[in-house]
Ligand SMILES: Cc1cc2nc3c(=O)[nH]c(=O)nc-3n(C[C@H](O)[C@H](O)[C@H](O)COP(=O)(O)O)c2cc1C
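Below you will find one chain, with nothing else, as structure tokens; this is the form predicted alone, and questions on how it binds or moves follow later.
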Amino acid sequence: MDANGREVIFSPLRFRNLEVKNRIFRSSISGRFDNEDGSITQTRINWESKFAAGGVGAIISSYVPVMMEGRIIAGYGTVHRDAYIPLWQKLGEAVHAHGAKFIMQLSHSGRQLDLPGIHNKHRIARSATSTREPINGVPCQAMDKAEIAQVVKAFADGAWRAREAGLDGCELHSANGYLFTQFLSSGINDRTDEYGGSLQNRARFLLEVIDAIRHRVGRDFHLQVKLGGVDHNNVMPWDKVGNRIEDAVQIAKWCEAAGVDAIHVSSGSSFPHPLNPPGDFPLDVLSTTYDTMITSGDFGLRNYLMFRYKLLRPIFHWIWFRLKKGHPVEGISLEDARLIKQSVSIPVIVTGGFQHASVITDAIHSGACDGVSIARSLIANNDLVKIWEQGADQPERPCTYCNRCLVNAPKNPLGCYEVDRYDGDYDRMIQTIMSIYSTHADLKIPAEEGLLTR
């Protein structure tokens, strides 16, 4: 081991049924790279492959809806049909070719919809609650028991399809405001039946999904849960704060007892959230991209006007940035992860702005986590792991945490939009962003029967 002990970053991480070659996971992030029907494309394969080639140990996919009704954004791949198994198999093979593992993140949006697409445009979102989502104002309706049972089955079926595709595991996205969070959070869940009230009741839906997955795929298929630490649910000052870290610790214990193989720690009860992703939130860019979301909820136009007009921006700036005070950018969820890791015996992964090898090394050696997941710093430098292997603590041109990648995503291809990282060369920036679209598909004349519907 070298003087800094950084070799721990490059040592294998062993789970019960899975071994990852190092401690770096590409966190769940992607753009609108796929088809409207949920089938994945060569562009998606190109996107995931560049991170695998860059040296990460495993890729956690972007959220993959288990039902079309659970899509967060149209144009993302889904796993709601058996016919998509061969497509996901191709993606897994592409990632495996570079020695990395691929973990599918199973999800359902609930009331947290961004760009719903034609499947959800005129459908009231299903949630744990009938209280609309507070940031974009998406209307919703509390799920009844039959609907809950249907979603539980959809998650189990999605995990089975991931296993049949030869992927290396699944992750349940029960953080960041999506459907599981809507049940888990005391600041959101206002039910009075057996799925609401006490923490045990609020965790019932998640634990039923874990149980259903284990019955569907057995104990030999890797299953992890992405879990929020502290909710920080009061992005809007009038909302309830939500779950505390003590709640997250107990949920993690229940997950382990139910057969989960790892916990992946995040923070915040929405996405985006002032603490996730950490860093800036460029309102000037949102003024040109948020218009795609004006009709996504009752508050879309209100938000757009605050982004569009400079005189109104200080209102949103205060709402958003007041929660960031006192929180670091890098390792923002480390202390939550530490408390969870002290309470479980399974590995703990944590996300939150990691970019320095020394910070990750210290986090692992201190017992806060077993590995980290990274998204935006890898978008800025796809080969970040190889840079660390060569001895550097950070890249020569590091991620600036500007989050222009995030706020461009509703309208534009995902990529690094910090032009200063390209020496001010805008054309080179665009060329880099567009490189994954070099798919060169063969065009053909479709058969008549494939075009007509009756």
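Numbers for residues come from their place in the sequence shown, where the first is 1. All of these numbers come straight from a predicted model, not from anything done at the bench.
Separately, the form predicted together with the named molecule exists; it is not shown, and the next lines address it.
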Worksheet, complete the sentence: Picking from 293, 95, 374, 148, the single residue whose non-hydrogen atoms come within 4.5 angstroms of the named molecule in the model of the complex is 374
Item to complete: Sort through 77, 134, 169, 278 and report the residue having a heavy atom within 4.5 Å of the named molecule in the model of the complex.
Response: 278
Item to complete: Choose one stretch from 37 to 45, 51 to 59, 22 to 30, 387 to 395: the one whose residues place a heavy atom within 4.5 angstroms of the named molecule in the model of the complex.
Response: 22 to 30
Item to complete: Could you confirm whether residue 297 comes within 4.5 Å of the named molecule in the model of the complex, counting heavy atoms only?
Response: no
Discussion item. How about residue 105 - does it come within 4.5 Å of the named molecule in the model of the complex, if we only consider non-hydrogen atoms?
Written reply: yes
Worksheet item: Would residue 274 show up as a contact with the named molecule in the model of the complex if we use heavy atoms at 4.5 Å?
Response: no
Worksheet item: residue 224 near the named molecule in the model of the complex, any heavy atom under 4.5 Å?
Response: no
Fill in: Partner contacts in the model of the complex for 164 to 187 (non-hydrogen atom within 4.5 angstroms of the named molecule)
173, 176
